[in-house]
Ligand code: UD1
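The chain below stands alone, shown as structure tokens; this is the form predicted alone.
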Amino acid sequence: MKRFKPQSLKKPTVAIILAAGRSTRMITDKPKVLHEVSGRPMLAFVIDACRNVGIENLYIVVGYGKDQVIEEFKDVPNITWVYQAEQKGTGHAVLCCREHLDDFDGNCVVLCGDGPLVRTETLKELIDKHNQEHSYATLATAILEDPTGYGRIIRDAYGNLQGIVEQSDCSPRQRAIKEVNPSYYCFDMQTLFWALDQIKPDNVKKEYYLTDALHIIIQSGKKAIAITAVPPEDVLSINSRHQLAQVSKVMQTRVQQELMSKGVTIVDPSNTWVDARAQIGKDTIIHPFTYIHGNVKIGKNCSIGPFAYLRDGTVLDNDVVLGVFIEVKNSHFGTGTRARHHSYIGDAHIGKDVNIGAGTIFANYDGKEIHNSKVGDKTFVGSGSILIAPITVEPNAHISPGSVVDSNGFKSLNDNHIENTEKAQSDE
């Protein structure tokens, strides 16, 4: 996704991210915002969008499963966690932040933690327009062919913002409105607190809506505006497993489009899955039915797949070839190394110009612990070999096909020895 340099905001700006919901429709014990989209918790994308537009200080409202959410993001700086013990609506969630922001004189962006499709570009436009217009409240809206489920934007005959009506409170005429509220807000912080203090839960759900604060601001004569800045595909939020799948598909398209724009060839995007955290160099080719998950780094001029599975911690230097039915986990491959067929390589450091023959297995787990392997430069590993970790194979070794090799160089299936090295060395 495109990143902007942090801008100089005219007023100090913070963000409040609403992440307290459970989502009973997802039938889950996990906090909703921790469900993954393209390999990352959905909340991570919202945090990134705020940071990319220059907002440093985030106030994240948590409720159900708060300890799990906090643990997931414990290493992310400048987050203040705010606990909402009872979910009484979006307005109530913002009020929970008051003890931290009661004296804050600046702007506040309010977003939902279950909206991972939010773009940096959209937030930048929202904040810029808010500052340019000297508005007290600004929201970014979208036009949907099917607006079912979303709050409708109410404007007067001149196009001025009059308010928002939630789906459950809409009249038949209001339900026909196609401009909706995807919950991207920018407020003057003190004006928002003033308006929230006046809310009464006179709605079907008896909740304190943030949209009611907007109505109060408008009725007071303070300037409030709405800009149509959210692309329709970005409006999707997640309240069910079906919506999770829809959003994941949209995000996966974004991830792959960004990679292709940087010179990566993805032969069949619809039959390829790439984690949002993956880094891939130009002129690398990703063949169909490849699955790349986690923090994976792939260099330039590599060829991956088809039917390859690259797991978290994998690093490939330039000009590496991983072929059909290869699984790699937490391993580093040096430049020019090949593993073309039906192999598993786990927790290994493979040198440069190494050939790993078909059906090779790195046996890294002994039933209790995971062990590491090291294979030196220009080593030949014959087909059907098993390397039992922990093990170090020195450079220029030749392991005969069908060998089972441990730290003592023992071969149970082949009496030939490892050539060009005295023996495999244990790296313990």
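Predicted model, so just to flag it, every value in this text is computed and none were measured. Each residue number is its position in the shown sequence, starting from 1.
The protein also exists as the form predicted in complex with this ligand; that form is not presented, and the subsequent description refers to it.
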Exercise for the section: Considering only heavy atoms, tell me if Cys112 and this ligand come within 4.5 Å of each other in the predicted complex. Expected result: yes
Practice task
Examine Leu244 and determine whether its closest non-hydrogen atom to this ligand in the predicted complex is within 4.5 angstroms.
Solution key: no
Problem - is_contact(Tyr209, this ligand) in the predicted complex, heavy atom dist at most 4.5 Å - result: yes
Handout entry: Ala93 within 4.5 Å of this ligand in the predicted complex, heavy atoms
Key = yes
Problem - Stretch from 161 to 169, 117 to 125, 252 to 260, 98 to 106 whose residues place a heavy atom within 4.5 Å of this ligand in the predicted complex - result: 161 to 169
Completion exercise
None of Lys223, Lys129, Lys297, Lys88 but one has a heavy atom within 4.5 Å of this ligand in the predicted complex; the exception is Lys88
Problem - Residue among Gln84, Ser135, Thr284, Thr272 with a heavy atom within 4.5 Å of this ligand in the predicted complex - result: Gln84
Handout entry: Heavy atom within 4.5 Å of this ligand in the predicted complex - qualifying residues of 181 to 196
Key = Asn181, Pro182, Ser183, Tyr185
